[in-house]
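In structure tokens, one chain follows: the form predicted alone.
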Amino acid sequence: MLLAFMFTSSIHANTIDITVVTAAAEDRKSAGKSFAGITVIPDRPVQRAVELALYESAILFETLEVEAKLHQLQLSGDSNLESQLSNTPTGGMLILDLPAAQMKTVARQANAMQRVAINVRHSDSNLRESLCLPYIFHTIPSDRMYFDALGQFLIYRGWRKVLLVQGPTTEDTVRAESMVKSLKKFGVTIVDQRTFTLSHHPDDRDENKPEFLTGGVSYDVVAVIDTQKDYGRYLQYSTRSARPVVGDVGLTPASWHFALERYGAPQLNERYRRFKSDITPGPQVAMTDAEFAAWSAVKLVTNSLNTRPPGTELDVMSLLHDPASQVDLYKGTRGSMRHWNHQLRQPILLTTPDTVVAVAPMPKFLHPKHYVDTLGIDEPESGCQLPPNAQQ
């Protein structure tokens, strides 16, 4: 069922339809929790961030005589996807707030139906290669963007020798491979790569001790890949050598943070905290990376409405492909879409739980075309080579 929320003006020359797609059967109660059941990362639906973006654009809609409609679609399963997606407005935009496996299936079906769909939840770099489809876009940063930012920071600080500690899951392995590529790209040396387990068996206890796991080698930094967010939280202040911890704990790359104090970010955080809330949350509440990705997707389209030639109809696909389409991300540089793999280019924050330490790209990391393209898979190395106008 589609539920519509409308921002209207007196005359509606054009309509922009945005549909948030979720999974009816998805249980998010355990999402964001560690292996031990402790909540470590907030995991919220992205619709509130979408509504905020539309609310912020209301005056622009009125000025340009645009009607914006927000819909919600809960998928009942992978079966008969075409029938379910056919209920979404043509020419609009789908925000995919779905589990990874279902997101891939829905993205391929949406592309076949020529529906613009935005991945706002999944950072797996391989998705940018395997979902190399004309109508699929990614506004959440890829793992390569996150880890490239981390690699630049380590080189900038002169920390060139890294001990990589990773978890045992398949996702840990894939993300560790992305981290290794990023660190080596900027000249960081991986002195060793070690794996911990999530077992509580007594035989594994000694091998999992941080002092043992991080001993016997010289390093400047310990990098941690721990998707489950369970073991890594014990590593800080427990390594054999007194060294910084980065990656999934300690110094962490992120696309948004409550403590960013420049570029208008405090005002955006305040608008988010107060939006549609009877009780204003605490000052440390901010959009998650997925929420920020959803907000960015909507704002990229709405902020680009002025780039349309006079008298033309509103077309989301054309707006996303227009080189003039940009969005103020409140991080010092406007975001725009990479045409070759449909990834939103944007700065990455290097953060701790309490502060933003740096904003990447770091100084002196140069690029021949766009300096933010030092983060992530660049055009020459990407296996996805969509044309500048992917509709052709």
Partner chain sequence: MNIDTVMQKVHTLAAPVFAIGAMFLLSLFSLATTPAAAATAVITNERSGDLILMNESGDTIDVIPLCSRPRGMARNSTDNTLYIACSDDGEVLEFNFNTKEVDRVFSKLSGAMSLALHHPSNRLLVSNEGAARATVINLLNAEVLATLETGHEPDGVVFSKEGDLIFVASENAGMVHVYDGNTYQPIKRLITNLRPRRLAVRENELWVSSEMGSRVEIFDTASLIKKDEIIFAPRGFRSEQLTPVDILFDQTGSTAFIALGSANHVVIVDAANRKILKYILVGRRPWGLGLTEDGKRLFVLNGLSDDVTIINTDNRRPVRTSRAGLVPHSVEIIE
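These numbers were taken from a predicted model, which means no experiment stands behind them. Positions refer to the first chain, counted from 1.
What comes next is about the form predicted in complex with its partner chain, which is not displayed.
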Heavy atom within 4.5 Å of its partner chain in the predicted bound form - residue from R338, R334, K69, R48: R334
message: Looking at T239, N208, N303, S123 here, can you tell me which has any non-hydrogen atom within 4.5 angstroms of its partner chain in the predicted bound form?
response: N303
- prompt: Thinking of Q102, N111 and H342 as the candidate spot, does its partner chain come within 4.5 Å of a heavy atom on all of them in the predicted bound form?
  reply: no
message: Within 4.5 angstroms, counting heavy atoms, which one of the listed stretches 123 to 131, 246 to 254, 182 to 190, 263 to 271 is next to its partner chain in the predicted bound form?
response: 263 to 271
task: Check whether T307 has any heavy atom within 4.5 Å of a heavy atom of its partner chain in the predicted bound form, and answer yes or no.
output: yes
- request: Could you confirm whether H367 comes within 4.5 Å of its partner chain in the predicted bound form, counting heavy atoms only?
  value: yes
field: L349, heavy atom within 4.5 angstroms of its partner chain in the predicted bound form
entry: no
task: Considering only heavy atoms, tell me if A360 and its partner chain come within 4.5 Å of each other in the predicted bound form.
output: no
field: Interface residues of 146 to 175 toward its partner chain, as seen in the predicted bound form [heavy atoms, 4.5 Å]
entry: none
